[in-house]
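The same protein chain appears twice below, in two forms, each given on its own as structure tokens and labelled structure 1 and structure 2.
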Structure 1
């Protein structure tokens, strides 16, 4: 084989080598290290091998299961609301409305903020006696203090997540809508289909793969959400907003219980992997039917 031919064949691997090194260094190695660390417990500044003891403690911990339930409730509400609002906005901006660029820029400003910054802003808005939204909405609900009640605190976190996360879903859905030929909806309109029928019979089937990808990304975001919970409620009042990701953060960085925290991270890893496998299986089934 000629040297030039060998160089030509190896060039693609050389080009992707930096990306592979980054993935291995910042994703693969920490993941494998978390698996290993979950089998240890730190005692007196040393790590002692305990096998599956951390997982036994985890699955027998009622606080973990309660946090998992809160994570599921938050995830369902977050994904449902974001996908609905993002679809509505994507359909509006697809129609080439005036000032679309300006409004898109405004919508994407929250996405550029970090979770901590966004969370602090929303916490200030609902602080008792001084929060702008607290003073506007509280009297209408009988002097209701949002951050002092579990349901109210979760509603504030959900509103902040919706305010910040809609832009990401909008970007994916709007990109998918722009790939659909306008002739298809025009033909459906000529055949007498109204807007709902055009969406359900033309747009929705073609947008299903993009919607599935968006749902997976939003679900993973919901499961791993920690910044907003930490900066708005810190799991309070009590433990009413303490989701699994926040439990992981506290076990690792507040209590220095790295082995137990790694066990939590392993469980979250399998949940995220399960969501990805569901998406891949659904997409494979759909492609087979097509």
Structure 2
């Protein structure tokens, strides 16, 4: 055992200091501050302490509940569509066929786009009168105008989100599948298990943690989505696609309603924190946290 100098002992802290300072100032502090801010209301230029009044108003606000409901609908649809689609693709790519990396690359390109850019491309496809897909699909559905109907607008956002989000889920699932030894499925197939039985009895149980992590990532993406909604529907038509994250964004930026918006972000913090805990717990059971 060599004696450790003071420098040596403080080295780890010196190394992590810049990172922690940054995270502390721009992530941790604002998060804690939003809790405090949610107890205040901005009247003219000053902030007045109002206690839990913001939350009372929030929970009594039908717009907020409607927004939360839309988030739930969008979230459930987004997460289930992406996970099913990504699973199917992951099982196809698992076979390590020739050219797999080419196909994977193409599927990944949309994930590299900003959601604003993605939204603009999809809006252009469904623009009333001139949108290509609008003109192809609209007449088939009885002169349906996608962006003029709540359901239609939501499905355009969902299509864009699925287009953009599949790649990430697919990558996580593929990474998980790689850790399953091929001998296991081979052994099952020698024992006479068919493809479906192999998947259900061998692959699926081993993939549970990966699936769980993927589901958490997808849910967080869904709950906090703003960009696609802003660029495709802007909450419309009417308020039919005004999800809670969009309400938060608009309340703060367009209406300067900070106390109220802080109350919304506190609620969203707890939803996200709940998901983060599920994530941490999954990793813990996998001993991935050292």
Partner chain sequence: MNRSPIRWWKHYWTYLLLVILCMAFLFPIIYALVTSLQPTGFGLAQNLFRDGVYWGHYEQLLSTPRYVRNLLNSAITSLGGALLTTTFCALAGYAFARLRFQGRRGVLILLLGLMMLPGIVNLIPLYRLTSELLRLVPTGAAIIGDLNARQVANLLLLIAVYSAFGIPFGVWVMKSFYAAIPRELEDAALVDGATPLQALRHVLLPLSLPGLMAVFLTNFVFNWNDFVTASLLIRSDELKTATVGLLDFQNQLTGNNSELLNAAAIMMMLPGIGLFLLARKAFFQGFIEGAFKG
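All values derive from a computational prediction rather than experimental measurement. Residue numbers count along the first chain shown, from 1. Under this definition, the rigid core comprises the largest set of C-alpha atoms superposing within 1.5 Å between the forms.
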Output row: form predicted in complex with the partner chain located in structure 2
Please determine whether the C-alpha atom of residue 268 is displaced by 2 Å or more between structures 1 and 2 following superposition on the rigid core. no
Taking the rigid core as reference, the Cα of residue 278 travels between structures 1 and 2 a distance in Å of 4.3
Shift in angstrom of the residue 16 C-alpha between structures 1 and 2, rigid core held fixed, comes out at 3.3
